[in-house]
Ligand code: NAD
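A single chain, nothing else alongside it, follows as C-alpha cells in the form predicted on its own.
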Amino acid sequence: MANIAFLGLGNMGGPMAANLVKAGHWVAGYDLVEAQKQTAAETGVSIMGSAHEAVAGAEIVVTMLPAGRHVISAWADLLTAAPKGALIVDCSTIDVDSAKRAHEAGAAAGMLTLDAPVSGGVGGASGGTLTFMCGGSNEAFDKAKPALEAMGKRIVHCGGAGAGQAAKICNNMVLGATMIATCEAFALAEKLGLSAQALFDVASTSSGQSWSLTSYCPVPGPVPASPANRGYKPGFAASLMLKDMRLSQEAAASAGVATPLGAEATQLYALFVAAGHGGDDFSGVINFLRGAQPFG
C-alpha cells in the first residue's frame, strides 16, 4: 500500500480519494473548500492544512482540478514540496498543451508524471468503475496502475505525455455530438407520432445504436437509470460537457483539423448553458432543441 496525497476533493476527487482509502492506501487530502474537506474526512481521508503538508512524504500525488491553469499553478507549488522521484498523476480534464507543460515541469523536478483524465462521471467515481486514459512513460504508468485500479475498472495507456488528455478530448467530442444527434432523433420522433419506446427498441438494436442512446437515453422511460428520469439532474453537467467540447475545438484549431460537427455541437451546448442550464445534465439539451421555455 502507498502513501498518497490527493489534491482536489470535489464531486469527482472526493469519491476517488475515498476509494483509495477503502483499498488500504493512506491518503493525505487537501482542498480549498472546507465542506469538501469535511466530507472527505468522513470517508477516512486524512485532511492536511496545506498542499505542501499533504504532499510531504507522498509516494504518489494525485491532482483533480478544474482547468489547465490550476494544474500548472498547483504543480509549480507541489513539485518543490514532494519527495524527489515521487509520481505525480493529474486526473483533471485539461488542454493537451497544459498537460505537456506539466510533464515538462515534473521531469525538470526529477518526478515521474502521468496525465490520467477519467471517464465515468460521479457515479463511476463513487463506484470505483472509472476509465483512466493515461499519457506518460511506461515507468510512470506501471507505478500508477495499482492505485488507479483502486479507483477504476479500465486503465488504458494511450501513449506519451498528453496522450491521455488527447484521448479524453476526442472521446468526449464523440459523446457530445452523438448526444445531440440522439436528442434530435427523439424530438423528431415525437412530432412524427412515434413513441420514445418504439424508437429506442429499433435504434438500440440497429445501426443508430450508441452509448448516448442505450446508457443515457435523453427521454424518460427506456433507460431507467438515465438522468432524464430524474428531471435531468446530473450525471454529467452541461457546463462540464461544454468545457470538454471547447477543449476539443482548441485542440482541433491547434492541430489544423476540421471538426464541423464538433464545432456545431459546441455552439449548441454553449447556448444551452447560457440559458441557465449549466447545472442540468447534458442530455437535457433535448429540451433546448425542442424549443421549450422554460427548459427541463
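Just so we're clear, the structure is a prediction, and the values are computed from it rather than from any experiment. From 1 onward, residues are counted along the sequence shown.
What follows is about the form predicted together with this ligand, which we do not show.
Q: Looking at Met245, Val45, Val55, Met64, which is the one with a non-hydrogen atom within 4.5 Å of this ligand in the model of the complex?
A: Looking at Met245, Val45, Val55, Met64 one by one, just Met64 meets the 4.5 Å heavy-atom criterion.
Q: Of these, 113 to 121, 139 to 147, 216 to 224, 203 to 211, which stretch puts a heavy atom within 4.5 angstroms of this ligand in the model of the complex?
A: That would be 113 to 121.
Q: Can you tell me whether Gly284 touches this ligand? I mean in the model of the complex, with a 4.5 angstroms heavy atom cut-off.
A: Contact with this ligand, no.
Q: Tell me, yes or no, whether Thr182 is in contact with this ligand in the model of the complex, where a contact means a heavy atom of each within 4.5 Å.
A: Taking the distances in the model of the complex, the answer for Thr182 is no, it never comes within 4.5 Å of this ligand.
Q: In the model of the complex, does Met173 come within 4.5 Å of this ligand, counting heavy atoms only?
A: The answer is no: Met173 has no heavy atom within 4.5 Å of this ligand.
Q: Does Leu32 reach this ligand in the model of the complex, with heavy atoms at most 4.5 Å apart?
A: Judged by the heavy-atom cut-off of 4.5 Å, Leu32 is in contact with this ligand in the model of the complex.
Q: Across 149 to 177, which residues bring a heavy atom to within 4.5 Å of this ligand in the model of the complex?
A: Counting only heavy atoms within 4.5 Å of this ligand in the model of the complex, the single contacting residue of 149 to 177 is Lys168.
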